[in-house]
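We begin with a single chain expressed as structure tokens, specifically the form predicted on its own.
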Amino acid sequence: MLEEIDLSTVTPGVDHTEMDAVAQFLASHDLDLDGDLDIILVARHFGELIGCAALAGGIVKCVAVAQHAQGLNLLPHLMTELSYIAHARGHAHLFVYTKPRYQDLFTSCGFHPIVAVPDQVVMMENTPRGIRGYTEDLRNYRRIRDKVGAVVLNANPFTKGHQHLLREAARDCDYLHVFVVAEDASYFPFTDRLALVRAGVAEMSERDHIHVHPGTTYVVSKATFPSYFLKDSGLVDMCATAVDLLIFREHIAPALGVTHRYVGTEPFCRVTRQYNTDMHYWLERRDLPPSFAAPVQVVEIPRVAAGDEPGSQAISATNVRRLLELGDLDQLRPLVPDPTFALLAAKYAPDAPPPPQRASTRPC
């Protein structure tokens, strides 16, 4: 029957009639049509829609096969063709979220599990070397100490608030690993954010027992935690935060021997505040199956205030960006380390030519 099946692509926002048909097909399988799809691959048998799969960047979404077409090897056929399309669009490394009962089906299509949220979802990737290769590299930076900490920062941009968090965390543990979120969905590009964190750490007396790592797809990315980059919608996907945090607990923390994860208290951003709460739940839980890695203790460090006066607000990257937009460098100056101020004044201030390309989403 496979030779009688026609595969074709649908472009969201262009093929409206086809999109309606796909939406109805997915609804008949209790699935929603995601709003962030780049392209959809559909399978038709003499005009009847019998299967589909879509891409949103490197994430496979909206996968469904009609019940009467199951058992015809259609899913591997769709996944193979979709991988060709993804590769041509620059996404050789693919991820998929699926329910645990479908894990074997995706395994037969060449996907490998990264992490599972019990009874909820499994995150998989289309390579056996993905997370395994990453953690093998991380082990080169492992330090044998009693108390090893980790901090994950977006640093958009790096402020004295971030510097305070790293200083307090470094003083509380024997060695500190700092990860800078690599996803380029922030006001400042990853290369600038990473450079600012490294320059800010170099100013600190604790710098000799801090290592700054560039983030990867496995550390707060659109693949592991898409809601983080959709803060304007106010969406927090419990499963997505669980996936992101369990990747840290199951893979990153054991590779580096991390015992504690440090985070700043969050008075402003609802999504980040919820993430902190979820962090306690997923990293500290001791009632998970024995196959799960050891718990990681979460330590929340109070934010440092912008001034000495009572009632002074905590330093936030959001406020730094606001002052930068206003061109108020005098108010901005005491909120950021010297390297950050130098870069903002030279490259990002309203009168600093040429203007950088800036993304629309603005995580903290």
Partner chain sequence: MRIVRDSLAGTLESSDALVRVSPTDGGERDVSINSSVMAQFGTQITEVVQDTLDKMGVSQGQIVVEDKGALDCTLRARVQAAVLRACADEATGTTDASTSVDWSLL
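Positions refer to the first chain, counted from 1. Owing to the predicted nature of the structure, the values given are computational and were not obtained by experimental measurement.
Heads up, the form predicted in complex with the partner chain isn't pictured, but that's what we're talking about next.
S.K.: Taking the partner chain as it sits in the predicted bound form, is A92 near enough to touch it, meaning that at least one heavy atom pair lies within 4.5 angstroms?
M.R.: Yes, A92 lies within 4.5 Å of the partner chain in the predicted bound form.
S.K.: Wondering, does G110 line up within 4.5 Å of the partner chain in the predicted bound form on heavy atoms?
M.R.: Yes, G110 sits close enough to the partner chain in the predicted bound form that at least one of its heavy atoms falls within 4.5 Å.
S.K.: Given that the partner is absent here, does Y141 sit within 4.5 Å of the partner chain in the predicted bound form, heavy atoms only?
M.R.: Flag for Y141 set to no.
S.K.: In the predicted bound form, does R101 have a heavy atom within 4.5 Å of the partner chain?
M.R.: No, R101 stays farther than 4.5 Å from the partner chain in the predicted bound form.
S.K.: Exactly one residue in T241, T216, N126, T272 has a non-hydrogen atom within 4.5 Å of the partner chain in the predicted bound form; which is it?
M.R.: Looking at T241, T216, N126, T272 one by one, just N126 meets the 4.5 Å heavy-atom criterion.
S.K.: Between the options R249, R167, H260, H77, which residue brings a heavy atom to within 4.5 Å of the partner chain in the predicted bound form?
M.R.: It is H77 that has a heavy atom within 4.5 Å of the partner.
S.K.: Choose from 272 to 280, 201 to 209, 167 to 175, 126 to 134 the stretch whose residues reach within 4.5 Å of the partner chain in the predicted bound form, heavy atoms counted.
M.R.: Of the stretches listed, the one contacting the partner is 126 to 134.
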